[in-house]
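Take a look at this single chain in structure tokens; it is the form predicted alone.
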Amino acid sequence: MKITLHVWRQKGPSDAGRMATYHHEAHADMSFLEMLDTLNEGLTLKGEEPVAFDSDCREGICGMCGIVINGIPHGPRKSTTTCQLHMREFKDGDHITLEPFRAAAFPIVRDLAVDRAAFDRVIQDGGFVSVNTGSCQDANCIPVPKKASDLAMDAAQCIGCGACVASCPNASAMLFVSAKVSHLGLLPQGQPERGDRALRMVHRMDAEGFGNCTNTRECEASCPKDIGVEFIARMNRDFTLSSALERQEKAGGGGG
């Protein structure tokens, strides 16, 4: 199949970018990243710079890959990462536009590769359990209600790819942060730090320059792991309650 690729090329964070057009031949059974590999092989043979893009496991697990394909993060197939997308989703003669995940908090490194270290800093501010829970127990011995365990597993599927940010008109990270807050806050081990976790992670999210949620639900539609916006509501409840308790404690301390 013959395709025309319109690819965002940018040498570095401070350089001006541009769209470059390539006429390429691919096989329908190729993955999208394999198609880019063959494109880069051809560019290298011609002495041109290959297109930079992020990838690692290529199994939809690590969250490294991320390209906006024809205006949709990860491409047209729902519940699919870029590395799991195959060229059979496109037709012979198609024009395909490739852009990076655009957000102020995701500065472009080069071409289609962006720096998503802001997510790491959000996790460092609360995405963990620091209380001493003792030695490891058999999973069946831990009293976790099935509804809570199922919800926690749903939230824990988030791979931190950033598609939610790239698809949101406000570049909000609420879906990512709420998934990380919820999957720990739903489990007994995460309860002692539940409120403080929500406060710290939301404050860090704001400090990193992510936008606010306005309920457009684009994040939910583009998430390759089908994380639902109900986790945002859950995080908002934890954050609101914890903020109120924090204000009460400060007011009580000041009165003393």
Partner chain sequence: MELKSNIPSGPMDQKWEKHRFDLKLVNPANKRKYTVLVVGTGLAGASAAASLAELGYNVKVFCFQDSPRRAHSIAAQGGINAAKNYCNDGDSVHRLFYDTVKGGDYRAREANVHRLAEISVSIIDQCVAQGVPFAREYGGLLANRSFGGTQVSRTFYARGQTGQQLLLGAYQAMMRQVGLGKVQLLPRTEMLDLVLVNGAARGVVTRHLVTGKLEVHTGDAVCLATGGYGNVFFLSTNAKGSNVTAAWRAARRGALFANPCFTQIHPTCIPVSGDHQSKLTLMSESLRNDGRIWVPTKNGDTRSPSSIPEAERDYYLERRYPSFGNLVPRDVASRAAKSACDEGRGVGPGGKGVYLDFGDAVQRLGQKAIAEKYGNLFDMYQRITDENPYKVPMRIYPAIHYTMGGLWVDYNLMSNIPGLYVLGEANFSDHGANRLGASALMQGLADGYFIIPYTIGDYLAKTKLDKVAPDHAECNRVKQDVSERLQKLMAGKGKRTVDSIHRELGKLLWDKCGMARNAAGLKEALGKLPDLREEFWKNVTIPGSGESFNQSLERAGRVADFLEFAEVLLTDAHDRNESCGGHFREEYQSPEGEAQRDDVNFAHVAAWEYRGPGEKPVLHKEPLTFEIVHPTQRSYK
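All values reported here derive from a predicted model rather than from experimental measurement. Positions refer to the first chain, counted from 1.
Below: the form predicted together with its partner chain, not depicted.
**Student:** Answer for G195 alone: is it within 4.5 Å of its partner chain in the predicted complex, judged on heavy atom distances?
**Tutor:** No, no contact at 4.5 Å.
**Student:** Contact between Q191 and its partner chain in the predicted complex at 4.5 Å, heavy atoms?
**Tutor:** Q191: no contact with its partner chain in the predicted complex.
**Student:** Is there any non-hydrogen atom of G93 lying within 4.5 Å of its partner chain in the predicted complex?
**Tutor:** G93: no, not in contact with its partner chain in the predicted complex.
**Student:** Tell me, yes or no, whether V114 is in contact with its partner chain in the predicted complex, where a contact means a heavy atom of each within 4.5 Å.
**Tutor:** Heavy-atom contact with its partner chain at 4.5 Å: present for V114.
**Student:** Any residue of 76-99 with a heavy atom within 4.5 Å of its partner chain in the predicted complex counts; write them all down in order.
**Tutor:** Contacts from 76-99: R77, S79, T80, Q84, H86, R88.
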